[in-house]
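As a starting point, one isolated chain is supplied in structure tokens, in the form predicted on its own.
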Amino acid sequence: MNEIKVNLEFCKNFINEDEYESIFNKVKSALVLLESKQGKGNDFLGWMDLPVNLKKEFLEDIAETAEKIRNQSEVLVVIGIGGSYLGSKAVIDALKGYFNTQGMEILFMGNSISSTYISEMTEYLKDKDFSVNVISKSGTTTEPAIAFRVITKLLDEKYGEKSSERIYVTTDATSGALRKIAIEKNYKSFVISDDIGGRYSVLTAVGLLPIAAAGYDIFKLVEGAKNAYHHCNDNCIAYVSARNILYSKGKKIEIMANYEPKLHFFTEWWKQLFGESEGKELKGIFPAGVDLTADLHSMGQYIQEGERILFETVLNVLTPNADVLIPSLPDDVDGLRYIEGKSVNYVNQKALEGTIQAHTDGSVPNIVIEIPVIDEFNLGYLIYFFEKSCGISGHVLGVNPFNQPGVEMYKKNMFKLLGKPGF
């Protein structure tokens, strides 16, 4: 079986052997620190053993609940922000067909305070059978709390006393406003463990219930994560070593580049994971993303010739889920005769190879993550691989990779301006 691999071939002109050997021991020590559960933030390491600790009964409960949701509704509205929605959306978008209108529609709400979005969502849902999965540890986070108020009102108007049968809660085990509501209303509920932060929660009920409701195999997703749990250390060490050497040389921005638009929201999840974990104490690589080849016609100019503060991590999917042959034409009016009969994926791969060469020639190093195919197993591996890499990298930087104190600052200002008691 082909496996995911971190390829550093396109960094070799920017990283010499002595530099790699020098940081290797530091990264290995950070890995040992993480696995010993003795480092900063060690009270938020519940995600580390999750792939091997998830019980079959729990996964079956998730799958059965998802089946119930599909039987009662045509739409599932997932209410949450940050890690409460990005992971599930990343997996669902990566797996679903671009124009697939069959099966359950998964919509996301509570990830902004856009009045237009909320208004259009409620209008759309008026003619739909829908259920809701609200995700929040506290139940008081502003964005999802507003969305849940609005959506609960619509549910009550539409379904009356039976509305409670369409609400599924993922929250703290014992405390918080949402847990209190779930007990009072007898909502079906799942637990967010105290020792797992939102951005590390994809493999909990936070991510698994929406993914299962969308019709995807959560057992294979967990199996892929379990494979990473046992086998990803070498890949983690290579990735973390390379990115931290490049950071020490002034490469302050890491751009995740994909050549498959299905992976756009995987990049969004990765951006939160690394940005929220490493961006502390005036340290950290800034995570950005591009969808190629489209962004080569917009951001490509800067990447090629702008400030040399960039490196790229390229997601290279080796086998597409589908392919198309380029047809022949009687004349060559568009000048494409030289690729007639070749597959579109062949052209995409050559674009990838040519871009890597151009960018490395332009002093933008490239770390390449080789992915055999986009499926549940490989996505599960990637999720755990990046989570573990992030924990290791945070320890290399000397920051706590599992807290987010800076996120609270905007909330304090907003609450004060809104006149919230106590602010």
Ligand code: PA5
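Residues carry their position along the shown sequence, with the first being 1. Note that the coordinates shown come from a computational prediction; the quantities given were computed from them, not determined experimentally.
In what follows, reference is made to the form predicted together with 5-phosphoarabinonic acid, a form of this protein that is not presented.
Of the candidate stretches 138-146, 237-245, 332-340, 96-104, only 138-146 has residues whose heavy atoms lie within 4.5 Å of 5-phosphoarabinonic acid in the model of the complex. When contacts are judged by a 4.5 Å heavy atom cut-off, N400 does not count as touching 5-phosphoarabinonic acid in the model of the complex. 5-phosphoarabinonic acid is not shown here, and in the model of the complex it never comes within 4.5 Å of any heavy atom of N316.
The closest non-hydrogen atom of Q349 lies beyond 4.5 Å of 5-phosphoarabinonic acid in the model of the complex.
Although the partner is absent here, E276 is a contact residue: one of its heavy atoms lies within 4.5 angstroms of 5-phosphoarabinonic acid in the model of the complex. Site annotation in the model of the complex: the residue of C232, I167, I81, A212 reaching within 4.5 Å of 5-phosphoarabinonic acid with a heavy atom is I81. Checking N227, Q272, S189, Q304 for any heavy atom within 4.5 Å of 5-phosphoarabinonic acid in the model of the complex turns up a single hit: Q272.
Taking 5-phosphoarabinonic acid as it sits in the model of the complex, the stretch 374-408 comes within 4.5 angstroms of it through a non-hydrogen atom at just one residue, Q404.
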